[in-house]
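Starting off, we have a lone chain in the form predicted on its own, written out as structure tokens.
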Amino acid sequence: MILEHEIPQGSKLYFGKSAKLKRHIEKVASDVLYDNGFEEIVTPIFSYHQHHSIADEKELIRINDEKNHNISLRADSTVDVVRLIQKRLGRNTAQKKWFYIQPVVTYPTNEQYQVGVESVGSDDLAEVLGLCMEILQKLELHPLLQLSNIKIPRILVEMFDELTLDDFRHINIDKILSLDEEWLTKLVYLQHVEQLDEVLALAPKEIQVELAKLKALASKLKYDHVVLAPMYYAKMLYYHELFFRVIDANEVLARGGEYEVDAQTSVGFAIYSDELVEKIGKNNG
């Protein structure tokens, strides 16, 4: 029996202090973004193209329109935002910097509120990453910033027949170390920016190119709590190169990177409001 006051597992309920805190987080974020030339967009919760955004289509909640075309509830905002800007609004606005404050939903009943940012046509990840960290610091948070380049695992799989992308998804470090390559071992243990030059001196040229991108990004940041994770890999349909996660006590507070939609490179990130409400609420007792 389902009681009248029950809500589905994974859905969200905010009231009183938690609702006020959620609104505060959204205001801090929107103030920072407006001050830096971004405009707000609110996209439809229904979409024809969510299968282009989600790696596992089983996560989509599907319905049909009046002509029986497949529609999904919004499970990701990035691809829809970029396509709406490029193909629907492009003739009406020259604006390329956008943010949105809206939830996404995944099967069966999971809601996730987020503040998302997209800089369409830009490859300046340092700019949007700096804004992400500015928002978190204004919320009096100083989490760990993890920088990755998800192109590195793909190159390693091409270089070594013994490796697969699953080895990186499941962090199979022993298998990678068993290849007994000095530069590869150092790459596995690479964690701090100061270690980069030593690995750069030993690594093959293809890896050097991608590590140099990590070094360039790190050098532009004005933030102290930075670590490198060059072996990190997650299956994503549009992120293809530099990528970051913001982590506190094993909780991911934000993530983003450089991505490609319809052959155009853009950069962006999402801050996860639900995790922030819980984190800040605990910090404030």
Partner chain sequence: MLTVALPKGRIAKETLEIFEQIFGSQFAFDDRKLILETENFRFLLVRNQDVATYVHRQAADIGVVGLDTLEEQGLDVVRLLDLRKGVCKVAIGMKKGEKLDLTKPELKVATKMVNITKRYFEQRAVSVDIIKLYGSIELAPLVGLADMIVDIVETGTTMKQNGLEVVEDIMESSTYLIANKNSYIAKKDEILSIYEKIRDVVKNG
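Quick caveat, the model's predicted, so the values are computed rather than measured. Numbering follows the first chain given and starts at 1.
Another form, the form predicted in complex with its partner chain, is not on view; read the next lines as being about it.
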| query | finding |
| --- | --- |
| Partner-contacting position among Asp174, Asp161, Asp197, Asp180 - heavy atom within 4.5 Å of its partner chain in the model of the complex | Asp174 |
| Sole residue of Gln146, Gln114, Ser77, Thr106 within 4.5 Å of its partner chain in the model of the complex, by heavy atom | Gln146 |
| Interface segment, criterion being heavy atoms within 4.5 Å of its partner chain in the model of the complex, picked from 78-86, 92-100, 162-170, 204-212 | 162-170 |
| Heavy atom of Val28 within 4.5 Å of its partner chain in the model of the complex | no |
| Exercise: Val227 in contact with its partner chain in the model of the complex, heavy atom 4.5 Å | yes |
| Leu190, heavy atom within 4.5 angstroms of its partner chain in the model of the complex | yes |
| Interface membership of Ala249, its partner chain in the model of the complex, 4.5 Å heavy atom rule | yes |
